[in-house]
Ligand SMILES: Cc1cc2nc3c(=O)[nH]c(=O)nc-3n(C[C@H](O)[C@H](O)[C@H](O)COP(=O)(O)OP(=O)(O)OC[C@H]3O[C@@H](n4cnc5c(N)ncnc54)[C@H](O)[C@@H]3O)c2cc1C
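What follows is one chain in structure tokens, specifically the form predicted alone.
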């Protein structure tokens, strides 16, 4: 049955954005055909657990988003292990790896990203790993064993989560970060210092502002030479220095691409019937610039925008950007602008007692609450989101007073 002139939607990429788009389309009563195309052989799955539970509790961890039964119930044709190799935008078809041609009325590119490579380490082959998909995570399970020396290159979210997982398995862990802060792209200095303290208290050797001069194999060891001449020897190296959007299909199809696929506020590319969402998309923001956001939540949001635009359903008012990370048994949640000009603490930061304590950070710019962070205080996150959404003025005597219930202050 055709709706709004749309009969077939093809979704390329069976990850978070692709699965969310399916759920949103059917929730909005789309009755046309949906074809989900993935180059992996798996059912759609979530990626956040790959650096944590999949490694720590592989037998217990379920990461499927949509089961075979659910896909059948939603009336989705799922093509697995047979990815798209070419988009014929004028003909509105995609060509699969096996040569099959699939026609579309609307196309969503949700192809995600690939690990940014370090060719010198890749050339070593053995004992060098990245973490981007389920196979990568499963490959690390036998690697992260007690007493093994693990060097992690990159002190971002993935690097710190892997450091946490490796320490919980009693590995000897070193983190090498070129920048002056851990999680420098996604957290303010006050929290970065707390994160660093937690890693060091857990026994992780974190090297900041550190560059690598060389790497080589010496038997079963990886030898890393730092810029100052120091040598580190490791049983395994895992690097995570960001991702490269999987945008080549869009480039070859003549779509507007810079580093990622450029989309408007409706997630449309330069071709009106081709959309993009998730890590592969850089979206036009209210500020007039294109910006790419690598979070679980953003993949869901953009998938929803695509589905509602296709269905001609109004978009709800967007919530401020939110993401989370779990490290060393501590939950951190972030919302809004992490580049706020100043940060105020509700509660007390106690690095040595982190597991038993909690606090909230308010990010303030020009007297307005624009960002927020909770540390072991997840129940306060909804209140921070509300304050940011309504551009609340920051009043220190109210918001930093622990005797006052934050929930009641938001009303």
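Positions refer to the first chain, counted from 1. Keep in mind that this is a model prediction, so the values were computed, not measured.
One more form of this protein should be noted, the form predicted in complex with the ligand, which is absent from this view; the next part is about it.
**Q** I need to confirm a contact call. Of 54, 369, 37, 373, which residue comes within 4.5 Å of the ligand in the predicted complex, counting heavy atoms only?
**A** Going through each option in turn, the one that passes is 37.
**Q** Within 4.5 Å, heavy atoms only, which of 154, 304, 336, 112 is in contact with the ligand in the predicted complex?
**A** Checked against the cut-off, the match is 112.
**Q** The ligand is absent from this chain, but in the predicted complex, do 104, 268 and 318 each have a non-hydrogen atom within 4.5 Å of it?
**A** Checking in the predicted complex: none of 104, 268 and 318 is within 4.5 Å of the ligand.
**Q** Heavy atoms within 4.5 Å of the ligand in the predicted complex: which stretch in 182-190, 198-206, 213-221, 287-295 meets that?
**A** Among the listed stretches, the partner-contacting one is 287-295.
**Q** Please run the contact check for residue 174 against the ligand in the predicted complex: heavy atoms, 4.5 angstroms, yes or no?
**A** Although the ligand is absent here, residue 174 would stay clear of it in the predicted complex, with no heavy atoms inside 4.5 Å.
**Q** Does the 4.5 Å heavy atom contact test between residue 261 and the ligand in the predicted complex come out positive?
**A** Because no heavy atom of residue 261 falls inside 4.5 Å of the ligand in the predicted complex, the answer is no.
**Q** Check whether residue 50 has any heavy atom within 4.5 Å of a heavy atom of the ligand in the predicted complex, and answer yes or no.
**A** Contact with the ligand, yes.
**Q** Although the ligand is absent from this view, report whether residue 163 comes within 4.5 Å of it in the predicted complex, heavy atoms only.
**A** No, no contact at 4.5 Å.
**Q** Is any part of 370-391 within 4.5 angstroms of the ligand in the predicted complex by a non-hydrogen atom, and which residues would that be?
**A** Going through 370-391 in order - heavy atoms within 4.5 Å of the ligand in the predicted complex - there are no hits.
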